[in-house]
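What follows is a single chain, given as C-alpha cells, in the form predicted alone.
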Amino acid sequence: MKRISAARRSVQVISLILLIYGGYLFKGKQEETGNSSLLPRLKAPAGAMSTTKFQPGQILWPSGDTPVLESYPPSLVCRFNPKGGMFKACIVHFLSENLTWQTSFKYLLPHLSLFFLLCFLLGRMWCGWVCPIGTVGDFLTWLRRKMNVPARRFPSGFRITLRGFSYGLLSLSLSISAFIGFPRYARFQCYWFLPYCQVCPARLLCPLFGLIKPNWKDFSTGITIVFTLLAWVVLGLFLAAFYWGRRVWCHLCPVGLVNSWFNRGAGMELHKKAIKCTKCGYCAEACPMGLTEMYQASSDTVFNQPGCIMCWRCVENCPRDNCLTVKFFGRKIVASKWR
C-alpha cells in the first residue's frame, strides 16, 4: 500500500476507535475526575425536549450515556454512539438542538469558536481522515473492489445536484428546529426534535459498533412512521452510494457541507505547479470525490475546492515531482514524487 494511503487508513481506524469507543475507554477516568468538559455544558431549559426524555423503542432514544467530552468537533460524531462516545455530537446536532432550546449566544460562543478554529486549521480534511462514517464508506469501497464490481461514474452535474440537496436538507432541518423552539409550537418538539438525526445513517450504524441494537423502527405515531421509513431509505442510499461509487454520500452529507465552507482559507492547502503537469489525468482518476478541477487547471493554483476532502490521493498518484504539494500554513508537508 502507498505511504499516504497507509497513513490515512491508520488515522481513520484510530479516529473511529476514539470517536465511537471513547465512552468505553475513558468513561471511568471521567467519572473519577467529575469533569466532562472545559467548555460550558449545554442543557435543555425547563419544559424543552432533549434526547434524555426519549424511552427505549422511540426513534431518538440514545443508545449511549453522556459523552466523555461535551464538545462538537468538525467531523460526523454521532449522539447515539455506544456509551456516549468521545464527543457529544456533530455540528448539525449542535445547531438543531440549540435552535430549539433558544440557547443564549454567549453559551454557544466557546463551542463555535473551537469548531471554527479546527475547521480553519484543516478544512475538510476532517472528512477524509477522521469521519467514522467516511471510514465505513471506504470499507464498502474496498469490499466492492475485492468483489471486482466496477465503480459507477457520475457526471460533474450530479455532484452539483447533490450539493444542492445538501443545502436543502440542512436548511430544512435547521428551520424545523428553530420553528419548534417558539413557545407556541413547543408541543411539536416530541415529534420534530433533531429532524436530521432521525434520518441520519449514523443513528442506525454507530450503535452496532457497540453491539447495541439501534432503534430500527418507531411506529408509535404517523410522524415517527414517516421518519422511520425515511431513515431506512437514507441508510439504503448511503450504503449504495459508497458501494457503487466513491464517496458519493460525502457530497450530500450536511456535516461535510458545513466543513466545506472553511476549505478555502484553511491552513491546510493543496497546491499545483502547472508547468510540471503533463495532463496525464491520474489526479482525476484517483479522486474519490470525482473532482476534475485539479486536472483541468492550466495555471498555478491553490486547490481548496469545497468538495475536496484532502485525502491527498491525487498527490500520491501524481507521477511528476513537486507538481502537487500539500502545505500547512505555507510549510510543505508532502509532495508528488516520481516512483
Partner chain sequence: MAQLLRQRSVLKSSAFFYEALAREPKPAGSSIGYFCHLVPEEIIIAAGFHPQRLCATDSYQARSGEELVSVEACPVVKSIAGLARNDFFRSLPLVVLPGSCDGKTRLAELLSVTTEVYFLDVGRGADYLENASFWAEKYRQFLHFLRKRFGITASREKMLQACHATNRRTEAFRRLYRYRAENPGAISAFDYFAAASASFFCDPVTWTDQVHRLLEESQATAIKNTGWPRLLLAGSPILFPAFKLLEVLEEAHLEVAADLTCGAYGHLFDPVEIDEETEDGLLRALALKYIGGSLCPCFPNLGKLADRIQDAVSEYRLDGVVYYVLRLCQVYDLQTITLRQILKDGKVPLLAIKTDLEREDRGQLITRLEALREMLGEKGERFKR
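All values derive from a computational prediction rather than experimental measurement. Numbering follows the first chain given and starts at 1.
The same protein also has a form predicted together with the partner chain, omitted here; what follows describes it.
Chemist: Checking a candidate spot here: are 96, 111 and 187 all in contact with the partner chain in the model of the complex (at least one heavy atom each within 4.5 Å)?
Modeler: Not one of the three qualifies.
Chemist: So the partner chain isn't shown here. In the model of the complex, which residue out of 277, 270, 311, 69 has a non-hydrogen atom within 4.5 Å of it?
Modeler: Exactly one residue meets the criterion: 277.
Chemist: With a cut-off of 4.5 Å between heavy atoms, is residue 26 one of the residues that contacts the partner chain in the model of the complex?
Modeler: No - in the model of the complex, heavy atoms of residue 26 and the partner chain never come within 4.5 Å of each other.
Chemist: Does the 4.5 Å heavy atom contact test between residue 317 and the partner chain in the model of the complex come out positive?
Modeler: Although the partner chain is absent here, residue 317 would touch it in the model of the complex, with heavy atoms inside 4.5 Å.
Chemist: Is residue 292 close enough to the partner chain in the model of the complex to count, meaning some heavy atom within 4.5 Å?
Modeler: So residue 292 counts as contacting the partner chain.
Chemist: In the model of the complex, does residue 213 come within 4.5 Å of the partner chain, counting heavy atoms only?
Modeler: So residue 213 does not count as contacting the partner chain.
Chemist: Which is the contacting stretch out of 172 to 180, 113 to 121, 100 to 108, 139 to 147, given heavy atoms within 4.5 Å of the partner chain in the model of the complex?
Modeler: Every other range fails; the passing one is 139 to 147.
Chemist: Out of 152 to 166, which residues reach within 4.5 Å of the partner chain in the model of the complex, heavy atoms considered?
Modeler: The one in contact is 153.
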